[in-house]
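What follows is one chain in structure tokens, specifically the form predicted alone.
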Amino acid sequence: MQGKWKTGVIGAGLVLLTVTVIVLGGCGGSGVSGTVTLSGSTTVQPIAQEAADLFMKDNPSANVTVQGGGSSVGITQVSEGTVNIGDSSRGLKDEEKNLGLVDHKIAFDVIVLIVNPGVSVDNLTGDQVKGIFTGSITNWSQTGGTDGTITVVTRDSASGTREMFDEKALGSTKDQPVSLVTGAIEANSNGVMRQKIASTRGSIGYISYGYLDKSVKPLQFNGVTGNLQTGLDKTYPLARYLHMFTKGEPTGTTEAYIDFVLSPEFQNDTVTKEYIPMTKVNQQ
């Protein structure tokens, strides 16, 4: 009888120990290990990098590498298996929808027209914006401003931000693409765009809301100020989701990293500083 009692106690103790190990192993993700590689959108890159730094701090055995290159680069590389995650500031094109990619929306972004602080105008209509970027308007006096040549700065051809801007602000379509003004300066990131506008007299461009600072001047578009609220309520049209694409459903460390990016803690503490977090979007 005593022997049976001891056996029962030992068995119960082993069960308790097993349960304890399982519970502890699931806390804080401290057991996550492995490598995750990302490339793509320079708009998504700062979020992805900050998430990587925090994720690796919580999971010392994990290694997350983040690179830019533009949305198209990210989508191409993740579809080819070169990286685990393709960052993009645009949705998939029709010809990309059969690549087996799974969309993980991580934030909502607003694109703001910006000019050099010396430009006197505060608002542009849709027709004026299209005229400026396609070359029919070349002087600020044609928009109600003071006399001065307009210098157009646009994003590079791989940029998802440029694709969205060309479509929503300029009316560009696949069948009828808009031709930009000859001599437009190309910037390969939000940071470079901001620097170009800040240092170039009479210049105009566009930038993600999170990159605005006092070195550039934001403009209204059709009388509406671009900000997080107007983007969310759709009164401001130049807004879009930010994405992380995976080839099929993510697994292992890749899944754990994306779960971390979408966690309420990261969304509310980090993403909300520059963009509309998915925690707010999902409430609408």
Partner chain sequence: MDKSSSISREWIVKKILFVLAMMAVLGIVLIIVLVTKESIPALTKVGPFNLFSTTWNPKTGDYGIVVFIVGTLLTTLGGLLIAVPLALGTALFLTQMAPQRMGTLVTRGVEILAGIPSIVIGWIGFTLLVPLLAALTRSAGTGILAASIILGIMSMPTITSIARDALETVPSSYKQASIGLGATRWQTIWHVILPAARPGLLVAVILGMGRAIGETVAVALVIGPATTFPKSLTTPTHTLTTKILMEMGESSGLQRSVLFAMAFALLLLSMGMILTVRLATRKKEFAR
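Numbering follows the first chain given and starts at 1. Because the structure is predicted, anything quoted here is derived from the model rather than measured.
Keep in mind that the form predicted in complex with the partner chain is missing from the display, and what follows is about it.
- The putative spot formed by K93, S208 and T235 is not touched by the partner chain in the predicted bound form; no residue has a non-hydrogen atom within 4.5 angstroms of it.
- Site annotation in the predicted bound form: the residue of T146, T82, T138, Q195 reaching within 4.5 Å of the partner chain with a heavy atom is Q195.
- Shown without its partner, this chain lists S120, Q142, N188, N123 as candidates; in the predicted bound form, only N188 has a non-hydrogen atom within 4.5 angstroms of the partner chain.
- Only one segment in the set 179-187, 128-136, 74-82, 96-104 has residues whose heavy atoms sit within 4.5 Å of the partner chain in the predicted bound form; it is 179-187.
- None of the heavy atoms of P250 is located within 4.5 Å of the partner chain in the predicted bound form.
- The closest non-hydrogen atom of G69 lies within 4.5 Å of the partner chain in the predicted bound form.
- The partner chain is not shown here, and in the predicted bound form it never comes within 4.5 Å of any heavy atom of A169.
- Contact between I150 and the partner chain in the predicted bound form is not found at the 4.5 Å heavy atom cutoff.
- In the predicted bound form, T42, T43, G69 are the residues of 41-69 with at least one heavy atom within 4.5 Å of the partner chain, listed from first to last.
- In comparison with the shown form, the Cα-Cα distance of G74 and D156 increases by at least 3 angstroms in the predicted bound form.
- Here's the thing about D175 and S41: their CA atoms end up at least 3 Å closer in the predicted bound form than they are in this form.
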